[in-house]
Structures are given as structure tokens and as C-alpha cells.
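Presented below, as C-alpha cells, is a lone chain in the form predicted on its own.
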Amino acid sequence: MFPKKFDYYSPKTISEAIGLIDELKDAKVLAGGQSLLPMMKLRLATPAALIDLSNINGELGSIVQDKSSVEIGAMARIAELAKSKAVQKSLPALYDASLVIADTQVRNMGTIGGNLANADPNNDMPVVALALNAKMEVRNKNGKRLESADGFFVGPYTTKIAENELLTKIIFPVEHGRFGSAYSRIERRIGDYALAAAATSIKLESSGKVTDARIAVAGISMNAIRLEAVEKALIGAKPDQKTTNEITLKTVKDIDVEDSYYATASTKRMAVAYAVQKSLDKVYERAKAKK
């Protein structure tokens, strides 16, 4: 099926793009197009105009690291994240996710900003942003602000980006010392969305005990969420595989999960527990390896 007729705009600067977003009615921003274009072909989305960001060079596609953060432009492609030494070294959970999202064609076109702004309940990047305590830079014609990942995802396909605003940058803090992060997912089938996904980050003291933990999951709620009960249970623990398995299963069994088209609540609960366990095993080994 062909999409409904629309006007096409290709701004060359962020300011020009924001001006178009503010001016045009019923317009959609086109990032990688991996979700929006299929929806338009099925006529599930029928915008009057598309604002294509792919010709805006520089800041929107950059990956810049300093001592305290890694700042990633919203139009950075998933494949570029997988090649980035800064991402691999400082943001292992993001690196893990960038290696397993869909297939090569999707990773070559899909963008981190598009994945986050789309806020599909089963998208990979929202859980990574939550686990790594990211900040989202959102701009409009009056300026810019930072939104914490904790409050950014307000529902399925819904974020705090208003209709006249643009997600321009994602800022990940760089942690030092015995810190690690990891991502794990269970696919519905090869190349498909995750049935369940988990991203974790932990800090360890010199004895190996956990001093801080952030665990985010997708697959059991209408948007990515943190498992704060699991996080609290890990604080002070010196986790091994048995400990993390017991903590995860005990906590996940109490979470309210509904049946869906893809799996029963029981299956989803087990899938999430497995993803969390796998991610925790990996992150603990990574944190222990740090000095």
C-alpha cells in the first residue's frame, strides 16, 4: 500500500527544523523511518507533512565524550553506536543493545533518537536510557531543556516531547570506579522486537558489595519501567548467580503483568526474569573487573 500524499521538507539546520515543526500543522519528524514509514504505508499514520532530519549534519549525528559524559546526537545511527569506542568503553549497555537490534539494514538506518522518541513499549533504547540515567535534550523555538529518562516515557508511544519540540541530544553520564552496565533481550523471533529486555547498571565498593543499582525492563508494561524493588534488594548484597537469581525471581513474581497477543503473563514474567538475570550476571562481572 502507498502512503497518503504528504508534503516533504528537508531542513539543513536544527533551527530550521524547529521552525518547521512549530509552523506546520499535522507534521511528523522523520528520523530513521524504521517505524514511521511502515505505519504510513499501512495508513496507520497519515501526516500532512514530513520533516526529514537526515540532511542536518554535525551536532545531531555526533558522539562526543569528555570526563563526565557521552553526548550523542539524536540522529546517530544504531550502527554508528556499535562502532563507537566511546560507547563500547563507557556505555556497555548501550553498546550491547546496538549490536542486537533488528538486522543490519535497520541498524544502518535506525537512530537512537527515533527509537527513544517513538517510545514503543518493546523498543530497546528506553530501557538503556533508564538504566544509564540518561538525560534527553529537547528543544523548541524558545530554547532547550533536559528531561530525565525516569520521567521521559509517560505511556505507549508517548514521551514528554510536545508537538512543537524536537529531541536533539541524549546525554549519558560517565561513571568511574567499579561501575558496569549491560543489556540483555529475548526476541520473539530473529530480528523482531524483544519479548522481554533488561538493562542494568551497578556500582560496587571495594569489597564487592553493591552500592547503587538501576534495572530497567521492557515487555511487562505499557512502557519501559525500572524494577525498583530489585534495585533495593541488591543494595548491600555481594551478588553471585544464585543470589541474583533468587532476588530477581522473588521480585518479578509480584509484578502485575497482563496477557498479550504474543505471550501469557506467566511467560512474560519468566522472560523478564531471565533477561534481568542474564544482564545482572554480565554487569557484575564487568564491574568486578574495574579497579
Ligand SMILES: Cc1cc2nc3c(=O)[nH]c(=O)nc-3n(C[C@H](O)[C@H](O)[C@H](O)COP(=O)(O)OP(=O)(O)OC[C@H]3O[C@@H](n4cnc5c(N)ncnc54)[C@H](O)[C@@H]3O)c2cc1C
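Numbers for residues come from their place in the sequence shown, where the first is 1. Keep in mind that this is a model prediction, so the values were computed, not measured.
Quick note: we don't show the form predicted together with this ligand, though the next part is all about it.
**Q** Exactly one of I56, L36, I63, V257 has a non-hydrogen atom within 4.5 Å of this ligand in the predicted bound form; which residue is it?
**A** Among I56, L36, I63, V257, a heavy atom within 4.5 Å of this ligand in the predicted bound form occurs only for L36.
**Q** So which of L99, V154, V106, L146 gets a non-hydrogen atom within 4.5 Å of this ligand in the predicted bound form?
**A** It is V106.
**Q** Whether G32 contacts this ligand in the predicted bound form should be assessed with a 4.5 Å heavy atom distance threshold; does it?
**A** Yes, G32 lies within 4.5 Å of this ligand in the predicted bound form.
**Q** Indicate whether this ligand has at least one heavy atom within 4.5 Å of a heavy atom of N115 in the predicted bound form.
**A** It does: once this ligand is placed as it appears in the predicted bound form, N115 has a heavy atom within 4.5 Å of it.
**Q** If we define contact as a non-hydrogen atom of the residue within 4.5 angstroms of the partner, is G177 a contact of this ligand in the predicted bound form?
**A** It does not: once this ligand is placed as it appears in the predicted bound form, G177 has no heavy atom within 4.5 Å of it.
**Q** Do D150 and this ligand share at least one heavy atom pair within 4.5 Å in the predicted bound form?
**A** Looking in the predicted bound form, residue contacts with this ligand do not include D150, since no heavy atom lies within 4.5 Å.
**Q** With this ligand left out here, work out from 203-211, 87-95, 216-224, 187-195 which stretch has heavy atoms within 4.5 Å of it in the predicted bound form.
**A** Looking at the other structure, the answer is 187-195.
**Q** Please state whether all three residues G110, N123 and L166 have a non-hydrogen atom within 4.5 angstroms of this ligand in the predicted bound form.
**A** Each of the three qualifies.
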